[in-house]
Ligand SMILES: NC(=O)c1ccc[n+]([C@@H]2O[C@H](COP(=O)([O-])OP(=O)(O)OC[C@H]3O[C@@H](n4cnc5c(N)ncnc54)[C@H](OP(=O)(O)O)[C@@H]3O)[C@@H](O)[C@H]2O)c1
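Just the one chain here, laid out as C-alpha cells, in the form predicted alone.
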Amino acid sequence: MRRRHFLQASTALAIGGLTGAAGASVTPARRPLRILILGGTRFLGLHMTQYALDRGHWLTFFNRGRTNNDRFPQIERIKGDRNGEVGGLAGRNWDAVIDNSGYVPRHVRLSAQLLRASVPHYLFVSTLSVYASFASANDEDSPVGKLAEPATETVDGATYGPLKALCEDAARDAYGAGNTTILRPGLIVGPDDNTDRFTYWPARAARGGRFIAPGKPSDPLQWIDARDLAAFAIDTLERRVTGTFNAVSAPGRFTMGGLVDASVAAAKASVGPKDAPQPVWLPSEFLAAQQVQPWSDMPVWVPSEGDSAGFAATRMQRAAVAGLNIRALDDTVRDTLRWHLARPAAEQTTLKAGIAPVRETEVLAAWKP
C-alpha cells in the first residue's frame, strides 16, 4: 500500500463515526479504488469522501482550493479550475472519477475528454430538475428540459435543469453509455447541508412556539440523505454499475406530517420543553392568498397539484434494484438537528431558507380557523 493511501485509510479509521444507509458500520471494500473527485469539499462531496475513505479507497481532489481546506487534510489535492485550468490532471491514472461539480456542459466535456484515456469510469451527479415537466410522475426515460438559448452558460432557476441534462450528454458522449453512471438525486438533505432547506424544519421546531405547517399532513415529499447518496455512488463505482438512476426516496414514503412530527420530536429531545414547538396546519389556498411561497418560504414542500402534481412522485425503482437504500426519516432529522445546533450562532439564527420569523408571525395572526 502506498504511503498516502495508508495515511488516508488510517485517518478514516481514526475519525470513524460514519454509518451506512441502514445504520450499520461501514465495512472495507474488497478492492480499493483510486478515485478522483472533481470538487469534493462541499456537502455531498464531504459525505462521499468520508464513505469512500471508510471503505478503504484512495482519493484525490481536484478543485480551486477555496473551500473547507481543513477537512480531510490527508487527501491528495490537485489545484485547478474546470474553466480551462485542468492541466494538473494530465498524465495521471485513476480507476474512476466522480463529477459532482459540473453545471456547464463545456466544463464536463473538457474534463471527460481529458480523462477518458486514463480513467475508465465516469460518474456524474445530475439532478431530477432535468425533467421537462412535473405535471405527472417521471422515470429515467421521461423527456428532459431544453434551453431557450442553447449557448447559454448562465445557471439560474430556468437553466439549471436543462444545463445539467446537457452535462449528462457531454459525459456520455466522451465515455459511452457503458462507462458512464448518471445519478439524478432529488433534494439532497442531511448534516453539512449549506442550503438550509431541509434543515429549516428541525431548526424551526427547535426554536419553539407556534410555527406554520403547510398544506396537509398527508402531502407527499421526496428527498435523499447525502449519506445514502454517497454510499450509492461509491457502491456503483465498486461494482461498475452504469446507467441512469433517479436517486430519491420512494413515492409516498415521506410526508409533510412525518417531517413535522419528526422535527418536533427531535427538538424536544435536543433542546427540551422550554417553549414547546406547536405546528399550525395552514391550507395551501390560505398560504397562497398570504403570498407564502412553496419551496422557498416553506422549504421541501410543494402542493401536489396542477403543474406540480408529479413533483413528489418520481419513480426510483431502477435505483432500488441497483442497491439504493434510504435511511429512516427520524435518523436524518435527528442528525441534521444535531449538526445544526453545533453550528456557529450566526448560522443557527440566520437560515438561508424558510419564511422570516416576523412574516411567519403575521401569517399565523391572519389565520382564522
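Owing to the predicted nature of the structure, the values given are computational and were not obtained by experimental measurement. From 1 onward, residues are counted along the sequence shown.
Beyond what is shown, the protein has a form predicted together with this ligand; the following relates to that form.
- Checked against this ligand in the predicted complex, the candidates Ser249, Thr180, Asn100, Thr236 yield a single residue with a heavy atom inside 4.5 Å, and that residue is Asn100.
- Distance criterion of 4.5 Å from any heavy atom to this ligand in the predicted complex singles out Gly65 from the list Gly65, Pro32, Gly323, Gly310.
- Although this ligand is omitted here, in the predicted complex none of Gly190, Arg227 and Thr314 has a heavy atom within 4.5 Å of it.
- Remark: of stretches 249-257, 108-116, 172-180, 193-201, the one touching this ligand in the predicted complex is 193-201 (heavy atom within 4.5 Å).
- In the predicted complex, at least one heavy atom of Gly80 sits within 4.5 Å of a heavy atom of this ligand.
- Using a 4.5 angstroms limit between non-hydrogen atoms, Arg42 touches this ligand in the predicted complex.
- Among heavy atoms of Pro162, none comes within 4.5 Å of this ligand in the predicted complex.
- When this ligand is considered in the predicted complex, Asn138 lies well away from it, no heavy atom lying within 4.5 Å.
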